[in-house]
Structure formats: C-alpha cells, structure tokens
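Next up is one chain by itself, shown in structure tokens, the form predicted on its own.
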C-alpha cells in the first residue's frame, strides 16, 4: 500500500505543478487539495508524511542501526525535487496539513511585512530543534506535536485535539498558521523555492497595479513594487553593511553557545538519560519509589555504570548538536537581516518566490489574468461544424 501512496504522491505533485503553472486554475487546485486531504489525511491517516519523514532521514544518518524504507525516502525527496523545478505545488494542493487549513480560511487579515518576516524564522528554529532531537534519538517533535493527526486518525489526546482546533480557529483569519509559522518541511521548501526553475507569476508585462492580488492572497505572499536603491553608494549604506558583516558571526557564536547550554534540559527528553537519572536517584536515596522503567532495567542485570556512561555520551552529543543548532539559528537570523538591505527592484505586484504557496487565489481575481484566461478558453474552444 505504501508503494501505492508513492504513486499517488507522484501523480498529485505532477497535477499540482501543471495546474498552478500551466492551467492556472484555482478551482482545479482546490479539487486536488480536497482529494489530498481525503486520501493522505483521513484515508491514510497522515502517514506516510513528508513533514514527519524529516525525522526518519535524520535518525538514519545519525544511527547506523536504523534504516529508512524506500517509500519514506520517496516521500521525503519527491516534494523537494518538484519544488526545485515547479515551486511549492506540494504546499498548494498535496499536503493534507495545508489542505485542512486551506478550507477554513474565511476572512484573512493582512499581517505587516516585518511581522511576517519575523514569524518566518520560527519554522527554521523548529526544524533545527527537531533535527537535533531526532539525530540523538531523544524525541520526535514533528509527529508528536502534529496538530491535525488527532483529526486524521480520529484518536489522540485531548490536548492535541484542542491544539488542532485552535490552529483551525486561528486559520479562519490568519491563513495557514501552522504552515507559515511552524512547519519545518515548509522551511526547507521555502529555501528551495528560491532556486525553482519555474515560479508562479502574475502579469509582469502589463500589471495594472490595482493591488487586488495582494488583497486576495490570504498568506501575505504578494510583494509590492519597490525601486532599487544604490547598494553601496552612500556612507550610511556602507556602515550598515559593515555592521551586518560583524553581527552575523556574533549571532552564530552567541546562539551556538546558548544552544549548547540547552543540552541538560533537552537530554531529559531521552529515555536513556531520564532512566539513568532515575536509577542514580534511587541509589542515592533508597526511599525514592522505583518506576516501571527502573525496575525493568535492574532485572536485566546490566551495570549501572554502563547506563550512566550511555547517558553522559548522549548528553555530550547534545552539547555538540546544541552548538550546531544555535549556530544554524544565528545564520538564519543573519540572512534574514541581510535580506532587509538587499536592493529590491520590483516594478509590479508579484508573488514572493519563497512565501508563495502556489494556491492560485491571485489568478482568480487578477483582471489581466481573467482576460488572459478567457482568451485561452476561446482559443481552445472547438468550433461547431455546420450541418
């Protein structure tokens, strides 16, 4: 059945790419999105999921005793490959997590651009933390805190059900909150979409500047025209650039150190470390009541020192990983800050390559796009033969 899932994923990605870049029809993308929600979400219960497959791939890279099934690798890599060529069609109409949020958008509010840019850092932080914990086998945050798995599987804790309902309620006025603020796989797609061979465009040659597309987009992906400024022709611009060059290494080093300090609290999420602490506590204080895990460990007859050595090794891995995690977050923040000083030269309203989810809503309202679609429809119409 998993191979059937891969075939359906490949077909859905192909259809989404065609509908968003060639057909340019929002109605067709909506139908495909509903199909993906029903099939990958409710029928297959959200598994296999490209978002959660990040953890499987990372765990296999960090643990030689764990092998990733071919189907999981396919679910992880296929959306990435399609994004490199055809932008974020996966987000548009294939991902069930995005689809379930897409159908509840009622009256989206426009978020200021500076706030949108600030919130876009969070998925990278979540991605780095999830990779760190998965690589050390400590926790699998992405699947553990999937806000919609309780809906897809019709089971789960009350807390996760409340979390899912909260995301959907927020999604009525803030389009796709999980996708835009938390999704770690979306963070990867956001970077890859910069290098996409084909991206969603509107009317670069004859834009009316009516701003209708900006109003129609519920995800804040439309960027307004901006005239390019001389990059280094003025002294203030050169000073800002010099400060930024100095700031990025400080961010990487400072946040790397902060990440390493998180090794102790994060290590408590690992079963081996928590078991070692419990066993050490019981040995130090005989009055401490044993747990089922500590009882099972003592029945194995394994030396306590061996368990403590494993716990120290895992904690040291988290120290090293914490440096990498913090440095990664610092690098992302530095790049975000640098993007604020990059000269922009947009003469029309256009979707942002990274933020655009290829949902096709802007096609439905753009006056020039409506004229173009009618011309194509008349051109493709089959003339009636006279009797």
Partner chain sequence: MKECEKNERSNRRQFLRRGVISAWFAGLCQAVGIWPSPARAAQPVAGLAGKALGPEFTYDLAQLRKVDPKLLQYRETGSLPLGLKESRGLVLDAEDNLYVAGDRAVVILDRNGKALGQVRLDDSPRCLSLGRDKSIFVGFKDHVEVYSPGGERRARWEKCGPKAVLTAIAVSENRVFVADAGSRMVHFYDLNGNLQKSLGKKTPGSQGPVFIIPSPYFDLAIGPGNLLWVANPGEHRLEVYTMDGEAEFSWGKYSLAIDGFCGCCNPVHFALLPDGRLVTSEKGLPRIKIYSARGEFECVVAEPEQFAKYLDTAAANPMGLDVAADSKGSILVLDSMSAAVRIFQHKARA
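The structure presented is a predicted model; accordingly, all values stated were derived computationally and were not measured. Numbering follows the first chain given and starts at 1. Rigid core: the largest C-alpha set superposing within 1.5 Å between the two forms.
Not pictured, yet referred to below: the form predicted together with the partner chain.
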(request) Identify, from the list 254, 156, 225, 118, the residue with a heavy atom within 4.5 Å of the partner chain in the predicted complex. (result) 156
(request) Could you tell me which one of 362, 318, 29, 37 places a heavy atom within 4.5 Å of the partner chain in the predicted complex? (result) 37
(request) Check whether residue 284 has any heavy atom within 4.5 Å of a heavy atom of the partner chain in the predicted complex, and answer yes or no. (result) no
(request) Examine residue 341 and determine whether its closest non-hydrogen atom to the partner chain in the predicted complex is within 4.5 angstroms. (result) no
(message) Residue-level contact is defined here as any heavy atom of the residue lying within 4.5 Å of the partner chain in the predicted complex; does residue 105 satisfy this criterion?
(response) yes
(request) Please run the contact check for residue 215 against the partner chain in the predicted complex: heavy atoms, 4.5 angstroms, yes or no? (result) yes
(request) Specify the contacting stretch among 128-136, 88-96, 258-266, 156-164, defined as having any heavy atom within 4.5 Å of the partner chain in the predicted complex. (result) 156-164
(request) Taking only heavy atoms into account, state which residues of 74-97 are within 4.5 Å of the partner chain in the predicted complex, ordered by sequence. (result) none
(message) When the rigid core is used for the superposition, does residue 300 move between the shown form and the other one (threshold: C-alpha shift of 2 Å or more)?
(response) yes
